[in-house]
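What follows is a single chain, given as C-alpha cells, in the form predicted alone.
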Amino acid sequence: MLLSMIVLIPLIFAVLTLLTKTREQARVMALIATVSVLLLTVYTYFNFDSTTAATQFEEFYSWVPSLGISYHLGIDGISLPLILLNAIVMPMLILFTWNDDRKAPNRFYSLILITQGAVLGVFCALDFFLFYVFWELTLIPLFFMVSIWGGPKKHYASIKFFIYTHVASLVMLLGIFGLYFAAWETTGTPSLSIPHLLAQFQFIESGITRDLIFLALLFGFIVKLPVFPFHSWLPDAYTEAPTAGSVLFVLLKIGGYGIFKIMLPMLPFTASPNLMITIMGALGAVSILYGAFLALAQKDLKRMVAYSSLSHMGYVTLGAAGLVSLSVSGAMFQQFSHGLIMSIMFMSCGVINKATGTRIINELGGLAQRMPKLAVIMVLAFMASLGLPGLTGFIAEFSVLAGSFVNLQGYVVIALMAIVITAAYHLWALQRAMFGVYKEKLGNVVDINGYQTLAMGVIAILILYFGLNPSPVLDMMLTNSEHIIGLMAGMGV
C-alpha cells in the first residue's frame, strides 16, 4: 500500500483543496499533502535495496482480467530517484508560492497536486493501461495552469503544448496497442503488464513491426522530453507558464523515464538496433547544440532558461544512446540534477519579474546589490547549469560525455561544442542581470522573502550536496544501468 499512498495522497488532497474557501486553507492543504508524500518517499528510500535492479514494493490487483488490465505498481532504481526529486521539490514549491496573491488559489494548488499525483503514478505504474492513464492525466492540470495563470500568450502556449504532447501520446498509444495485440497473439493471453510485454517484444516475428512499435513509443517519449525537432512547444509553455507551472514542467521527467524503463530494454530486439541508436544519438547531440545556440540568442531571461532546458535534455537522449553503464547512469542522473537546477532557475526568473516588472536581460542590472540572497542562490544554480565541478550538473554531463564517447565519438564532439556556448550565455545573463551598476529605473526592489529563501535554499543545498556526493542516488542508477547494458551485451548490441 506504500506506493498507492504516495500516488493517491496528492490526488485525494487535490479534491479537498478544491473545496477550500480561502488562500490560507488551500496552501495548508497542499503543504500537508506534499510533506506527507515526502515523508513516505524518504521512508521508501531508506528501505530500498540499491544493490539490485529488481522491482521492489510491488502491489498487484487484477482489475479487468478479460483484457489483461491490472492495478500493478512497483519501483526500481530508475523510478525512485525521480520520485524522490518530485517529493523534495513539491513542498518547496508550495512554500515558494506561500505569499502569492492570485485568483482562485484553491484551483491553483489543486492543479499542482493533480500534477504531482499523475507524475508519481507514471513512475510507479507497471501496467500499460495505468501508465497511459497517468501519462494523459499530466496534460490536464498543466494545460489549465498555463491557460489560467500564464502570461500574455498563455492561450496560444497552452493549446500548442496540449496538441503537441497529446498527438505524441496517441502515437505512443498505437505502439502500446501493437505490442499488446502481438503479445496476445503469441501467448494466447491478454496482458498489459509492462514487464510481460517487454519480455514478449522479442518474439514478434516481423522485424518491421518491431521497429514500428519501437519508433511509435520513442516518438511519444522524445516529444514529451523534448528533443529537437519536436521541441517547439517547450519555450512557449515554459515562458508563458506562471513560475509554479514552469517548475511543474521541469519535474515532468516522464519522457526520459520512458526511454530508460521501456525503450532501452526493447532496443536489442528491434530489427535495426544500430539505426535506432543512431537516431537517438543524433537527436540528443543536435538538441544539446541547437538549444545552446537558441539560449544564447534570447533577450528574455526566462526564455533563455527554457532553451537551456532543451539543451540539457539532449544529454538524456545522448547518454541513453551511448549504451555503456556510465553514459546511461549519467543520463539518469541528468534528469535528477536538471530537476533541481531548473527549479531554482525558474524560481529566480519569477522573483526577478515580480520585483522589477521585466525579464528582459538588458533592462536589468545590479540586482545583486538589492537582492543579495537571491544572487547567492541564483549564481549557484547558474554555475550548476553550466557544469561547474562540485555541483550536480558536472556529474551528469561528464558521465554522459565520457561514457558516450566509447560508442558515439562524432555525436560527443558535436555536444562538446555546446559547452563553451552554454558557459557564455549563463555568464552573459548573470553579468548583465545581477551585477554591474544598479539601474534606478527598476525602482525599490526588495529581496526574496523568508519562505522563498527557505524553498530555494534547500534545493540549492541539495545541488551542492549531490554534486559532492552523488552516491545516494547514483548507486541505484548504476545498478539498473548495468542490468540494462548486461541485457544488451547478451544480444550483441
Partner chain sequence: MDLMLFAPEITMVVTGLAVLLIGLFLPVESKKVLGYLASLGIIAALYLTIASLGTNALAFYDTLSVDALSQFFKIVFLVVALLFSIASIKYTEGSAHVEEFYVLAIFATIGMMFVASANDLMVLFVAFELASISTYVLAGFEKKNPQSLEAAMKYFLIGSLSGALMLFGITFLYGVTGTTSIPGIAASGAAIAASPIGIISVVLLIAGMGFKIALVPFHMWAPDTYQGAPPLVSALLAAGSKKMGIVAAFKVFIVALIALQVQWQIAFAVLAVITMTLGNVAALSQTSVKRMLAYSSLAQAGYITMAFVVLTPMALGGGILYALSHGFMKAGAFIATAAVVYMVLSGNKDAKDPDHIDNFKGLGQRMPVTALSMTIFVFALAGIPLTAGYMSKFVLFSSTIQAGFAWLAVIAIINSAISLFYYAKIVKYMYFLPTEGTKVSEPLPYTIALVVAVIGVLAIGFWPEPFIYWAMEAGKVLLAGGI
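Residue numbers count along the first chain shown, from 1. Keep in mind that this is a model prediction, so the values were computed, not measured.
Heads up, the form predicted in complex with the partner chain isn't pictured, but that's what we're talking about next.
Check: Would the partner chain be touched by all three of 51, 73 and 405 in the predicted complex, meaning a heavy atom each within 4.5 Å?
Finding: None of them does, since no heavy atom lies within 4.5 Å of the partner.
Check: When the partner chain is placed as it is in the predicted complex, which of 327-335, 94-102, 147-155, 296-304 ends up with heavy atoms within 4.5 Å of it?
Finding: Among the listed stretches, the partner-contacting one is 147-155.
Item checked: Residue among 199, 170, 208, 420 with a heavy atom within 4.5 Å of the partner chain in the predicted complex -> Answer to the contact question: 170.
Check: Given that the partner chain is left out here, which of 382, 108, 129, 269 has a heavy atom within 4.5 Å of it in the predicted complex?
Finding: Looking at the other structure, the residue within range turns out to be 129.
Check: With the partner left out of view, is residue 87 within 4.5 angstroms of the partner chain in the predicted complex by any non-hydrogen atom?
Finding: It does not: once the partner chain is placed as it appears in the predicted complex, residue 87 has no heavy atom within 4.5 Å of it.
Notebook entry, point to check: Is there a heavy atom of residue 192 no more than 4.5 Å from a heavy atom of the partner chain in the predicted complex?
Noted result: Close contact exists here: in the predicted complex, residue 192 approaches the partner chain to within 4.5 Å, heavy atoms only.
Next item on the list: Please check if residue 363 has a heavy atom lying within 4.5 Å of any heavy atom of the partner chain in the predicted complex.
Entry: Answer no; every heavy atom of residue 363 is more than 4.5 Å from the partner chain in the predicted complex.
Note to self: Since only the chain is shown here, I'm wondering whether residue 424 would be in contact with the partner chain in the predicted complex (any heavy atom pair within 4.5 Å).
What the structure shows: Residue-level check for residue 424: no, no contact with the partner chain.
Check: Of 62-96, which residues get within 4.5 Å of the partner chain in the predicted complex if you count heavy atoms?
Finding: Result: 63, 64, 65, 66, 67, 69.
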